[in-house]
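Here we start with a single chain on its own, the form predicted alone, put down as structure tokens.
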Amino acid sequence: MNSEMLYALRDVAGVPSHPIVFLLLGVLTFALHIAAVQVMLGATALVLANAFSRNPMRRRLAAAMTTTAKIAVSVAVVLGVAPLLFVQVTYDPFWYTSNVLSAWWVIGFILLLIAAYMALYFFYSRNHHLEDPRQDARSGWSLVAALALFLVVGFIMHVLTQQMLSPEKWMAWYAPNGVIDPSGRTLHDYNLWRFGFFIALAAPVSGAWLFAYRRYLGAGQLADAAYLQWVGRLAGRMLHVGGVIALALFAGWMSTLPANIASFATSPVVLLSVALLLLTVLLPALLGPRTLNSSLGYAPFALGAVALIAVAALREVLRWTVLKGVHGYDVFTYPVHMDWYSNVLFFATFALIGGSTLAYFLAVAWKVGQTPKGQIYTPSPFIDRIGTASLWLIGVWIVQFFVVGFVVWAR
């Protein structure tokens, strides 16, 4: 398929802001989304590895990670919507074609994700006493099913992303041997190195998460020293072993790039991403006991988040390089029809409503973690005002939504 055809598939309405805005927001929101996905996968795997032990520390971790995984699914789903929308806006000829070619799986994605979450929640509902090693963990099959289905939906999304990068193969996939196949039942293209890299990152990301978890417990004196040390050792192993495996898979991914863009493997964005991932793996060893005794315990996860932003940028630059360098499609030539209202509304929602609400939840969670065991935390007047302000902002947003809708309808 030539570049003229690709340009003809664009939305004639253009985009409401410059494409660079969508690309930057896509990088940021994808990094947040994939961090939640990796915590979800890592936490679920930790539950599976520890829930059936009689060791009290392993059972305690399994109980905590069950709650973590359950929440991480919700966060991953919510944060996954934004990068999906951004790629639909900027790369619509590629994304929609890829979706149509595997439509059956696109629809199945939703059903499988629902089934995965229900399986995870079923395990949670059956094991409210998971922390007690004297009681058996029940319905382990549902946990295995949840983890397997999470991997399947991740693979579907990987295939859709991979297929959009190969427009020269679309006709062969749509009409193999000249016979049209409109069923959409086939997953046509994948790169196991790339998929494996993003899945393997779950180990070091979850290891960094465990360091934050340990610091959270330690600050509030919510656990004994033996448990904190055990969690620290486990987190270190996950960081080191998982980090090495992830980087090996990353090297495999880069080695499979087409010959005409093979130099991308040594580009600055790739080197920066590798450097940040390595630094994340090494950081706990560099900080030593301060990961337990100070707020630096949160540093590995914070640095890991920065590394994931670099990886997300790498992924976006690679997409642009393939589509521009190989197929002659330049996203920056997309016609811009500036829509100031939607731009202001989006950034105001993101900064004011999202910022205030997130700040309130993080502040409460932080303060609860700092409260010694046996004491009840009471929010300060300042934190109360943040929570009240976020509720008012949400109310104002809902009112303006209906007012604008009514005005548009009335005109």
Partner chain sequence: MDWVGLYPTWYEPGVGSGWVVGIMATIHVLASHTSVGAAILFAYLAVIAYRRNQPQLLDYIRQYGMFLLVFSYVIGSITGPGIWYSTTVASPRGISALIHSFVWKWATEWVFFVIEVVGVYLVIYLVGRVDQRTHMRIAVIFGLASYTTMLIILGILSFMMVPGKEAWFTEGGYLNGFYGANTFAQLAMRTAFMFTMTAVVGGIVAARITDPRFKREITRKLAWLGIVSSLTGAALFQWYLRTLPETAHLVMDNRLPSYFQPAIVTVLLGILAYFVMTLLSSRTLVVWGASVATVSILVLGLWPEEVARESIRKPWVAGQYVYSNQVIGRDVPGMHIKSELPLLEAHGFLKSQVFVPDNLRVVTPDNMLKVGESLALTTCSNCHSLSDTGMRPLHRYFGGTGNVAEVENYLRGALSTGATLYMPMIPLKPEEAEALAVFIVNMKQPQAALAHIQHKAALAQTGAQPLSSPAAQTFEVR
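Numbering follows the first chain given and starts at 1. Just so it is clear, the structure is predicted and the values come from calculations on it, not from any experiment.
Unshown form predicted together with the partner chain; subsequent notes refer to it.
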| item | value |
| --- | --- |
| Residue among Gln88, Ser263, Ser255, Asn293 with a heavy atom within 4.5 Å of the partner chain in the predicted bound form | Gln88 |
| Residue among Phe198, Phe155, Tyr117, Tyr227 with a heavy atom within 4.5 Å of the partner chain in the predicted bound form | Tyr117 |
| 4.5 angstroms heavy atom contact with the partner chain in the predicted bound form for Ser74 | yes |
| The partner chain contact in the predicted bound form: Leu249, any heavy atom under 4.5 Å | no |
| Ile180 within 4.5 Å of the partner chain in the predicted bound form, heavy atoms | yes |
| Asp136: touches the partner chain in the predicted bound form, heavy atom cutoff 4.5 angstroms | no |
| Residues within 4.5 Å of the partner chain in the predicted bound form, restricted to 98-119 and counted by heavy atom | Asn99, Val100, Leu101, Ala103, Trp104, Val106, Ile107, Phe109, Ile110, Leu113, Ile114, Tyr117, Met118 |
| Relative Cα spacing, Lys373 and Tyr124, in the predicted bound form - shift of 3 Å or more | closer |
